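Single chain ahead, written as structure tokens, the form predicted on its own.
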Amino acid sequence: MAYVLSIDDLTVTLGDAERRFTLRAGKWSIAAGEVIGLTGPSGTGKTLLLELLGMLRAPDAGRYRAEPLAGETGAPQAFDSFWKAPNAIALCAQARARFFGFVPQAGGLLPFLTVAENVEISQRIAKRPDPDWASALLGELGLSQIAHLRPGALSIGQRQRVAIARALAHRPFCVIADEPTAALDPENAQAAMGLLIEAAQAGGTATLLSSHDFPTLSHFAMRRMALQITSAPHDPNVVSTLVPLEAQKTASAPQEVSG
């Protein structure tokens, strides 16, 4: 699915009358095949941002749309409107299954399934069976020889590669990776990041990478965006804003409100 994902002042606020945290996602877009690295100090709301972008949390305001690229036949998707519909839970679940793939920090594999079954499960959920593509991903990520094993028999690096294959198996428009190399040593982190980016681009998948791993990110060509605290220091109403990295100002010391 060749789309462009557009974010226009998507905003969410958490907290109460005494202390609030507001995340402002700015105005930007990402097209099929593009890679964006999302960074920012702890406490600036990276996980909250990924929850918004992955349709796991409702925004308070703003526009969030997917438009098919020129020449594509897909229908436009007004993701921000899904949360307001009577069947919001079902609509958002369908959007997650169809448009997004997820690579969590710890892999999130199902321990009772083999490597091959863990990869294929995203195709089953999205109702897009494609055994040839699943097999190709296993080969590209160096998993073919261990496809019969269960996660408990794998190394941390192998489990993360399985998570990458699973996220790509149903050919989503966009993969959202939350600290995908956090548990890996530097050498394996760079290799896993490279495999994720290469496999995603080969399938025409947009990739959003949230990471503290600046040295690893710097090895790859990608746009960079950063969350920074834009409210006054010590203000109990904290505001965190996503900006292009080249436009990032010196941030105030982050307050540990949301991670």
Partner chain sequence: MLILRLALRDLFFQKVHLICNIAVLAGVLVPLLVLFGVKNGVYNALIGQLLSNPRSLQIDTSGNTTFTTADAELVRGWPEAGFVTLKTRSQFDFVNVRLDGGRQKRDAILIPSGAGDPNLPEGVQLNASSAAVSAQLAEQLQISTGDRIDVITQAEDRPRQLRVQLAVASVLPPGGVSGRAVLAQIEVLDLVEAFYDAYALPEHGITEGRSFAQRAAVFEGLRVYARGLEDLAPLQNRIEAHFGIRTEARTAEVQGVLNLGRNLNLALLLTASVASLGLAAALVFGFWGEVQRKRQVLASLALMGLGGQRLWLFPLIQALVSAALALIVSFALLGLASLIAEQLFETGLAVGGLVQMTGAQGAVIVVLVMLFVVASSLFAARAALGIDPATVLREGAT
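Predicted, not measured: the structure shown is a model, and the values here were computed from it. Numbering follows the first chain given and starts at 1.
The next section is about a form of this same protein that is not shown, the form predicted together with the partner chain.
- Interface membership of residue 130, defined by any non-hydrogen atom within 4.5 Å of the partner chain in the model of the complex, is ruled out.
- In the model of the complex, the partner chain sits within 4.5 Å of a heavy atom of residue 117.
- Taking the partner from elsewhere, residue 157 is found to have every heavy atom lying beyond 4.5 Å of the partner chain in the model of the complex.
- Within this chain, residue 63 is remote from the site of the partner chain in the model of the complex, having no heavy atom within 4.5 Å.
- A heavy atom within 4.5 Å of the partner chain in the model of the complex is found for one listed residue only; from 138, 174, 189, 109, this is 109.
- For the marked spot (47, 89 and 121), a heavy atom within 4.5 Å of the partner chain in the model of the complex is present in each of the three residues.
- Here the chain stands by itself, but in the model of the complex one stretch of 222-230, 36-44, 55-63, 198-206, 55-63, has heavy atoms within 4.5 Å of the partner chain.
- Along 175-208, one residue reaches a heavy atom to within 4.5 Å of the partner chain in the model of the complex: 178.
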